[in-house]
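For reference, the chain that follows is the form predicted alone, supplied as C-alpha cells.
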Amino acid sequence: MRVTRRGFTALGAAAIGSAGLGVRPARSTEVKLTFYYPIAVGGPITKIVDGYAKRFAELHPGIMIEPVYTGSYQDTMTKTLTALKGGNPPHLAVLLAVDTFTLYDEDAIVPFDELVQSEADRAWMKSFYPAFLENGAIDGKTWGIPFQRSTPVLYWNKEAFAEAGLDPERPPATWDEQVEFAKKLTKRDSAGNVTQYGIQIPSSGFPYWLFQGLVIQNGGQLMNAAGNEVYFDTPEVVEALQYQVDLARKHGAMAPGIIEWGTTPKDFFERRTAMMWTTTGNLTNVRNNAPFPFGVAMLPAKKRRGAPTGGGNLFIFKRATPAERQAAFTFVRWLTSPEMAADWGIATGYVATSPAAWETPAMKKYVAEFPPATVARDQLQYAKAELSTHENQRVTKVFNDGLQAALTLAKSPAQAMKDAQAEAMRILAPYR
C-alpha cells in the first residue's frame, strides 16, 4: 500500500492532546511500551506511525511508545504468539480483527471493559461504528478496538466506461449489471486474446474476504457470532461462488483461475482490468497512481447490499503490569480519538472508525476535496463481521482452499463448499 509521504498532519497540540478526551494524565515515572505494528520496516506508513509515537510522548512525558514493525499481519500474529509463549509479548499490537478468538483462546489479551474508569471512557467505547466492533466482541466484552479498518469497495476506470459506451459516472449497482458492464468492458485483440478484462475480484491473499461480500449480498452468512459454527455449504454461499466462477468461465469477463491480490491494483492502473474489487485501504494508492479518472462505489447488490468489514484492531496484552496496561489504554484512547482517526484515514485511505472523526474540520476538508473517501463509510450500514472463528487460521485456510478449488475447476462450487463445511466443523467440534 502507498500513502502520502508525511509523518503527521498539521493538527494543533490542543486538538490531539489529552485535554477533552477523558484520558488520564501519565505518571511521572516513565513507562516503556512495545507496540507491534504489521508492516515491513521503512516506507511512508512507518514514518506516520513513528510520528504518532513521538507526538504522543511529547504530550504524555511519562509514557514512551516503541513501534516494532513486524511484517505482514500473518507475520505479526506469528511473532506475537511466539513472544507470548516465550513470556515476553508486546504490551499492545495491531492485529487482524479476525484474530480476536485466537488471542482470546490463548488468554493473551485483556478486555477493554476492565480498563475503563470514567463516563468519558464508557462513551468512547460506544463511539465506534457498530460494524467495526463486531469482530472484537466475545462473551459480551470488547477485546479489540477498531483502528486500521476497511471494507472492500468497487473501483472503476471512467475512461474505459466511456470507451465501452457506458455512463462513466454510473457503476454497476446489481450483480446482473456487474456482469453486463464487465462483458462490455472486456477487450480482445485481432487474435481473440484478452487485452482488458471487465473486472477482477482477487482470489489470493484474502480470497474469503472479497468473496464474503458476495455471500452477504446474496443474503447469506459464513459463521455464527460465537465463532464455533460455519455455514459454508448453504445455498446462498454456493450460489455466490457459482457467480464468481461464472464471471470468468461463462461470461469471459474476468481472468480464469486465481487472481492475485497484490498485483490487482497494478492491473487496474495498466488497464488490464476496467473494474476491481479491493480494500478501501488502497484508496490513497489509487488516487496517487491511477493515470485516468476513476470512481469508487459500494459493492453491487443481489438480494441486498453488503460487504464484510476488514483490517486491524488494537489489542492490549494481559502480561503487562497494571501500570503498563493503563499506559497502553491511554495511548489507544489517544490514537483512536476523532482527530487522530481522521488524520490516519486521510493519510492512508483506511476508514475513520467513528462518526465523530468524520465531523472534524480536517476530515470535512478532505471529503470536500475527495468525495470517494465517503463510500466505504456509507457502506458500513450494510456491512457484517468478517469471517472469524475459533481456530481461525485453520478454518479460514479450509475455506480458502475450497474457494480456490472451485475457481480452478478442481471441484464444483457445491462439492468444494460441502467438503470445506465438513472439515471446518470437525476443527470447531471442541468449541461446541
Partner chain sequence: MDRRIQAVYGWLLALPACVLLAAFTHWPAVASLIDSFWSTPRGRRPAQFVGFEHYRRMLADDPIFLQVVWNNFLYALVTVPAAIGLALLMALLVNERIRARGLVRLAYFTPTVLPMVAAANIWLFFYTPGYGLLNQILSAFGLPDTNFLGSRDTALWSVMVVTIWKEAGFFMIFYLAALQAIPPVLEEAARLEGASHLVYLRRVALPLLMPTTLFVLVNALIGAFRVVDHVVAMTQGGPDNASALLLFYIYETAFRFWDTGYASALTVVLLLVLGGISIAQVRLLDRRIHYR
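Residue numbers count along the first chain shown, from 1. All figures in this text were calculated on a predicted structure; none of them were measured in a lab.
Just so you know, the form predicted together with the partner chain exists too; it's not on screen, but the next bit is about it.
Trainee: Would you mind picking the one in L59, L380, V49, A405 that has a heavy atom within 4.5 Å of the partner chain in the predicted complex?
Mentor: Result of the distance check: A405.
Trainee: In the predicted complex, does every one of Q74, K85 and P256 come within 4.5 Å of the partner chain, counting any heavy atom?
Mentor: Yes, the whole candidate spot contacts the partner chain.
Trainee: Based on heavy atom distances of at most 4.5 Å to the partner chain in the predicted complex, which listed stretch, 123-131, 106-114, 212-220, 234-242, is the contact stretch?
Mentor: After filtering at 4.5 Å, what remains is 106-114.
Trainee: With heavy atoms only and a cut-off of 4.5 Å, decide whether N224 touches the partner chain in the predicted complex.
Mentor: N224: no contact with the partner chain in the predicted complex.
Trainee: Hey, in the predicted complex, does R55 get a heavy atom within 4.5 angstroms of the partner chain?
Mentor: Taking the distances in the predicted complex, the answer for R55 is no, it never comes within 4.5 Å of the partner chain.
Trainee: State yes or no: in the predicted complex, is some non-hydrogen atom of K397 no more than 4.5 angstroms from a non-hydrogen atom of the partner chain?
Mentor: Flag for K397 set to yes.
Trainee: Look up in the predicted complex whether L81 has a non-hydrogen atom within 4.5 angstroms of the partner chain, and give yes or no.
Mentor: Yes - in the predicted complex, heavy atoms of L81 and the partner chain come within 4.5 Å of each other.
Trainee: Since the partner is left out here, which residues of 372-403 would have a heavy atom within 4.5 Å of the partner chain in the predicted complex?
Mentor: Residues within 4.5 Å: E391, Q393, R394, K397, D401.
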